[in-house]
Each structure stands twice: as structure tokens, then as C-alpha cells.
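Next up: a single chain in C-alpha cells, the form predicted alone.
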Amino acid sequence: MQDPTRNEAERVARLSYGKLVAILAVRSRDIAAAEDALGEALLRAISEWGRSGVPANPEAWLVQVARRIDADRWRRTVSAARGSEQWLLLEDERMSGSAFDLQDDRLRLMLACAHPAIDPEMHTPLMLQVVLGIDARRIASAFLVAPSTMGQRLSRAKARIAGAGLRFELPDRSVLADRIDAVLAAIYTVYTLGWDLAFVDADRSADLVEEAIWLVRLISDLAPDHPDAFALLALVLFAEARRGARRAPGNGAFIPLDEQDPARWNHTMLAEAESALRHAGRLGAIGRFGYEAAIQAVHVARRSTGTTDWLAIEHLYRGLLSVSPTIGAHIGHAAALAEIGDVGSALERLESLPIERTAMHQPYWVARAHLLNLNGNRNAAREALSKAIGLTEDPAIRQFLLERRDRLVTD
């Protein structure tokens, strides 16, 4: 039998972890201490809520208890010989701080995680785990590495931070220009994780998606001259505008992009996305998010043209690969090549990708199955689809792939 108190504590931790750490760290300037205090507060919640009931505002309760825990720990670090009066002076100085320029605590913490003393490759994973409360398994899936590998990397990064005595000074907007790219990358990863969870964990998905859209709107307001901020805003809005069309009315069956009814897309959101992309183009050279948003713009142009301009998409993928040669970009380019009739080159490109990066990547196996089928190799296509099905969490997408595999058998 499940413990409702534990379930509620776990639910609050899952949905609000990053926000609560941000609230605590704004005062303490110490992310590790904030995490420790929140962890202990959650343990106390399981015990105390079981006796007295879940409070009306669980988040406020956790913040209050965690702050007391943090203050107690701080008090113990001060020599008893200095007396309580000296401790109170130190506590007041530690908690006061100057007013900050940025409007959102989570964004300030994300900028803190992009501190130049931290390994740049760990900036985004730290933001995802520490600020937004995403577990190492999900982070690992986003970076196409094993969960154990990502867990070890995060542990090493935190150990190095602690060993170097680095205490996060939450920054104002003066550091934004130097750290914005890392923050944008993290925001996009948050959105894509929320997108992937949409029909697996609806509450967590909504939380991540709302968080990502809120943060990218905020950062585009704070950096009005940064083209990638507006390009990322366009990208997430293009994707979000199609959310309602991804499932069939009634039975909830998965509908792939090329079969979606454009009338079910959110046209107000699409107009905002197109405006943001035009603004990004006026601001300067196109970057990673600009290319990705432009690809999405071509896809949604089908609502007025009735067709998809795959030649334009293939050209855009070439541009994307020149600035950001990710596994996802390679897979997308291969799919575009196949759509314009060059299936042989598309398969060659997929087969050239490192197996250690693609073995557990579901979109790779879906694309590979499609290309093998186009090339007439149905047995290999079925094997690739079986691999993709095993890597699929979403029940509707799994059913869609099963039906596609069955058609390969019976056609």
C-alpha cells in the first residue's frame, strides 16, 4: 500500500525541486547547502506530515524548515567563543546581500551554474539537476550517455566545486552576455524533456514546458539584442503550437507531423513564433536555434501551401550541421535527404554515426527503419523498429511503431 504522505512529498519534490532550491540559494549563496537543507526538509516532511497531515502550502512549509536547517548548520560553523551576538551579525550579513537585477531566482541560479570556474561541459547538466530538479537518468538521455556516466560526471563536478571552495555568488545581468549560450542550451533541453514526457508524466511535462517557456521569455526580455534568445523562443513556440495535434481526438493515437491537421495547430502561437524568428534574423547571424526554428517554420508553412518544402529543409540542415553537428541534426539531415530522393546518402550518413551515441537513441532507430524500408530492406527495417519500440516510453508512440512494424510484415 502506498504512503500518501510520502507520495505528496515526492510529488512536491518532483514538480518544485528547482524552484525551492533557487529560493533557498538566493539567501545562502550556496547551492550545495540549499540542496542538503531541502533534502533534510523533505525527510522531515515524510515523518511530520504523516502525524499532522499535509500542510495547506507544502512548498512554503519546506522552505521554512529548510531555512531553519540551513541556519542551524551555519550557526554550528561559528565558534562558540564568539557568542550568539557575533553569530547573529554574521547571519544578518550572509542573508542580506544586495538587491539583484534579474527577476527570476531560477535564472540567476542557472547563470551561477555557468560560472567560468566550472567545466563548460557540465554547465547545462548542473543547471538541469541543481536548478530544475531533473534526475540524472533523464539528463543522460538528453546527452546520449549512460545514466551511470552522467551521474559520475555530476558527482565529480560537484566534488570539484566543493574542493575548490567555490561559493556561488548569484550574478546580475552583467554576466549575461558571457553565460547566455549555456543557459539557452539548458532551457532548450528542459523543453525537449518536457515534450518527451508529455504523455508519460503529464504533470512533470507541463511543469518543465511552462518553466522553459517562462525562462526563454524572460531571457529574451533581458537580452533584447541576442538573436539566439529570440530564435529559441520561436523554436519552442513552433513546437508547442502543434502539441494539440499530436494525438487523435477520442482514442489519443499518435499522429506524426506530416499527417497532422494544420487546422488543429495553435495559429496565435505560430504567429508569435514567426514574429520572434523574423526578429532574430534582423538581430544578426543565424545560429543553432535560428536554423532549428527555420526548419520548423518550413514544416508549419504546410498550413498555407499544402506541401512541405523538403529541399529547403535539407539546405537548412546543412547550415545547422555547420554550426551544431549534433546527433539529432545528423538524423534530421538524413531524413531530409531521403525525402528529396537520396536514400543511399541518407543511409550512409546514419551508418557513419558513432554507435555509442546512437545505440540507445530512439529517434535514430525510427529514422533508420524508415530509410531501410525505403531502400527495400524490410527485415532490417523491422529489426530497427523493434529496437525503437524497446526504447519508447510513450504508449501511443509505441503502439504507432508496433503498427508500422506489422505493416512491414503484411504488405
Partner chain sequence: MQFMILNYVKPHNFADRLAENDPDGPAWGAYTKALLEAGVMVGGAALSSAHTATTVRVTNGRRELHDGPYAETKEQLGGFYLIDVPDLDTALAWAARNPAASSGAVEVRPLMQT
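Residue numbers count along the first chain shown, from 1. From a predicted model like this one, the values you see are computed outputs, not experimental measurements. The term rigid core refers to the maximal set of C-alpha atoms that superpose within 1.5 Å between the two forms.
Quick note: we don't show the form predicted in complex with its partner chain, though the next part is all about it.
- Of the candidate stretches 380-388, 30-38, 348-356, 49-57, only 380-388 has residues whose heavy atoms lie within 4.5 Å of its partner chain in the model of the complex.
- Here is the short version: of Ile340, Ile118, Leu144, Leu154, the single residue with a heavy atom within 4.5 Å of its partner chain in the model of the complex is Leu144.
- The closest heavy atom approach of Ser16 to its partner chain in the model of the complex falls outside 4.5 Å.
- Although the partner is absent here, Met360 is a contact residue: one of its heavy atoms lies within 4.5 angstroms of its partner chain in the model of the complex.
- The shortest heavy atom separation between Glu10 and its partner chain in the model of the complex exceeds 4.5 Å.
- Using a 4.5 Å cutoff between non-hydrogen atoms, Arg405 counts as a contact of its partner chain in the model of the complex.
- Once both forms are fitted on their core, the CA shift for Asp225 between the shown form and the other one remains under 2 Å.
- With the core held fixed, Arg153 shows a CA shift of 2 Å or greater between the shown form and the other one.
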